[in-house]
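A single chain comes next, written as structure tokens; it is the form predicted alone.
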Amino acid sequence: MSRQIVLVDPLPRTLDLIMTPAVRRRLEALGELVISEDRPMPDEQIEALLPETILIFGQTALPRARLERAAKLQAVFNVETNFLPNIDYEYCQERGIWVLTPGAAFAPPVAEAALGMAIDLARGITAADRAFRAGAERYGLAGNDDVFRLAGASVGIIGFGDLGRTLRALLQPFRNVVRVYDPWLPEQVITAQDCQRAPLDELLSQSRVIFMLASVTSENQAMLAAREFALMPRGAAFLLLSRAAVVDFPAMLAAVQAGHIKAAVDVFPEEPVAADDPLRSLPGLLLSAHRTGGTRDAFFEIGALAVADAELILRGLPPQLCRRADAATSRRLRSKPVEIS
């Protein structure tokens, strides 16, 4: 009798992390689950299962030679939420195999944290708290010398995908002029969200609050270096929330140390950050341990989105919730594999 294998190879995620019991039961109804959570699924096991596999949940390497043996495969769900360079995306597109990520699950919590961190940098909330605890507080107007209100401040957003658009919606009550730099999008997508498309230099020089939300690609690594940080207005708030590789990290720290900008950082070149890293004591830097998206509900949303789209695909319908890997763009992505859940 023909088998209908659902190959589950989700590390560094686990099913308990990304699925409620109810969603897991729906996953189990899709086919015969073969799960490897204590280690990546061994190559020999993958090779044996591929001919009967209909769905894959994980970051399993799928070069063309493997895909040619996976005649029943209908979809691959990257539950790490990064498109990695270990899949032949062109061949999947030719074969009609969906390669999907439920990464949009992280957009609402990251956007919420980004808004909170922007208000913090603008108003000096945690800086004032630290000064108070050290006995160096200043009262009233004297305590607000270097602050500004987010309301009405000019905002720049670099990278306008799910996260950028979710953040834009949260900013609406603050009545900001919002400039967007995203060379992968047509102007209509940007203006439809009540934003202005802007060249990068204009965005940097004209924005008092700048959100770096772009994914890492082959073209944009270290796209913000010393020159770009110098373009930012003195006292600007810069928030790095996507991946550390999109900025020249030492140049960003130098701009903070010089007092030219304030910054909030949730992602770092190496994680965990070394215990003796000098950035831990750098004034003007708001630190977050890659935690803005990692809420319990967001992880459960990963599983919910993936399973819902898998159900549609097995009914012969297109997915509606996850983002599809496009061969033209996926080959250009350069995000590091996630190691910490």
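Since we're looking at a predicted model, the values are computed, not measured. For every residue, the number given is its place in the sequence shown, counted from 1.
The discussion below concerns the form predicted in complex with a further copy of the same chain, not included here.
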(message) Within 4.5 Å of a further copy of the same chain in the predicted complex - does that hold for a heavy atom of every one of Arg25, Gly103 and Gly259?
(response) no
(request) May I ask you to check whether Leu321 falls inside a 4.5 Å heavy atom distance of a further copy of the same chain in the predicted complex? (result) yes
(message) Even though the partner isn't displayed, in the predicted complex is Gly294 close enough to a further copy of the same chain, meaning a heavy atom within 4.5 Å?
(response) yes
(request) Look up in the predicted complex whether Arg234 has a non-hydrogen atom within 4.5 angstroms of a further copy of the same chain, and give yes or no. (result) no
(message) Check Arg280 for me: does it contact a further copy of the same chain in the predicted complex (non-hydrogen atoms, 4.5 angstroms)?
(response) yes
(request) Tell me, please, which stretch of 80 to 88, 172 to 180, 222 to 230, 201 to 209 lies within 4.5 angstroms of a further copy of the same chain in the predicted complex when heavy atoms are compared? (result) 172 to 180
(request) Quick one: from Ala61, Leu67, Leu285, Leu33, grab the residue that has a heavy atom within 4.5 Å of a further copy of the same chain in the predicted complex. (result) Leu285
(message) Going through 99 to 119, which residues have a heavy atom within 4.5 Å of a further copy of the same chain in the predicted complex? Please give them in sequence order.
(response) Pro108, Pro109, Glu112, Ala113, Leu115, Gly116, Met117, Ile119
